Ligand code: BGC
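Encoded as structure tokens, the following chain is the form predicted alone, with no partner shown.
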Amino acid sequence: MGVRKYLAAMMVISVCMQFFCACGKQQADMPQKIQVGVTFYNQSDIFLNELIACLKQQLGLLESDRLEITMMVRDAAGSQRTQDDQVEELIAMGCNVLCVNLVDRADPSEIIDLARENDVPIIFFNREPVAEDMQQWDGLYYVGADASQPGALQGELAAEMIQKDDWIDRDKDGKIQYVVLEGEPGHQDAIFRTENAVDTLKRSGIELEKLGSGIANWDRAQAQNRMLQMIGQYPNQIELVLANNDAMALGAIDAYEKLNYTESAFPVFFGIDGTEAGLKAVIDSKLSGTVYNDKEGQAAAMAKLAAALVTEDGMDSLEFENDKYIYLSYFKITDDNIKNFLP
């Protein structure tokens, strides 16, 4: 009887061991899950839509039998309060890494507190928080481009064209009369893009006369309205339009077309970002030049960083500045290289 009980007990133990081993193997075979929550300041921003599409593509390239990735996107519609609520929602839905394009780069504290309390790292992108906020927690990172670069490159493109084509100075007074379309009041990129473009033109020996400027919030329709106002103030006087992004440069062109100006009476227009519409306008000779904001490079860096933060593998393959920042370079778009940047 004792032998029977012993054998029965051994059989139970054997079955249990097989069960637990099978469960362990099944668990080991299950893919690791990355749930990326994305919130950005406004869906009307063409460049950000293109960047987020690139991010989705790059995350898809990282998927495998061992890694399952999902991405949830929210539009904050220009409201920081809405974005704070979206971050709370995305965390509640199980997102284990966040990509945040801030509505207000000076007001990320509530988002940071939510992420820290739930131990969910944040990759800020395109709108860089102030340095003090980035030091609030170790789980904060930034991926973007050097804000000082694009304005200088835009200024170089404009200076090269002005020096080559004297017809731009239509009134032959030795000065280039210009206007600026600015992205957003107090926005770091808008300030740097404007100042650096103008400073670069002046350092290149171009004498400038500023006629006016308008805030158009990175938006094509708003830029058209601002440009219509400035054309009304300075009819046939504007020789150069510097826009903080392609959408506003295209809005300025729309204004001249709406007023039925002939192309020979157009000023020259320069944008920044190298969006699909911007590149097409360069090819069609409507936009005189743009500066390419490397959305593919930024998206690839964001995807790799998001995966590394969740899987704890691959951080050493990323190049950081000050342990938190990944910066990608801008590129001047020229006739020689534009085909390399077309989608």
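Residues carry their position along the shown sequence, with the first being 1. All figures in this text were calculated on a predicted structure; none of them were measured in a lab.
Just so you know, the form predicted in complex with beta-D-glucopyranose (BGC) exists too; it's not on screen, but the next bit is about it.
A residue is said to contact a partner when one of its heavy atoms sits within 4.5 Å of a partner heavy atom; W218 meets this definition for beta-D-glucopyranose (BGC) in the predicted bound form. The closest heavy atom approach of N126 to beta-D-glucopyranose (BGC) in the predicted bound form falls within 4.5 Å. In the predicted bound form, L48 approaches beta-D-glucopyranose (BGC) with a heavy atom inside 4.5 Å. beta-D-glucopyranose (BGC) is not drawn, but in the predicted bound form it has no heavy atom within 4.5 Å of T39.
The stretch that touches beta-D-glucopyranose (BGC) in the predicted bound form, counting heavy atoms within 4.5 Å, is 184-192, out of 184-192, 109-117, 205-213, 165-173. Counting a residue when any of its non-hydrogen atoms is within 4.5 Å of beta-D-glucopyranose (BGC) in the predicted bound form, there are no hits in 75-100.
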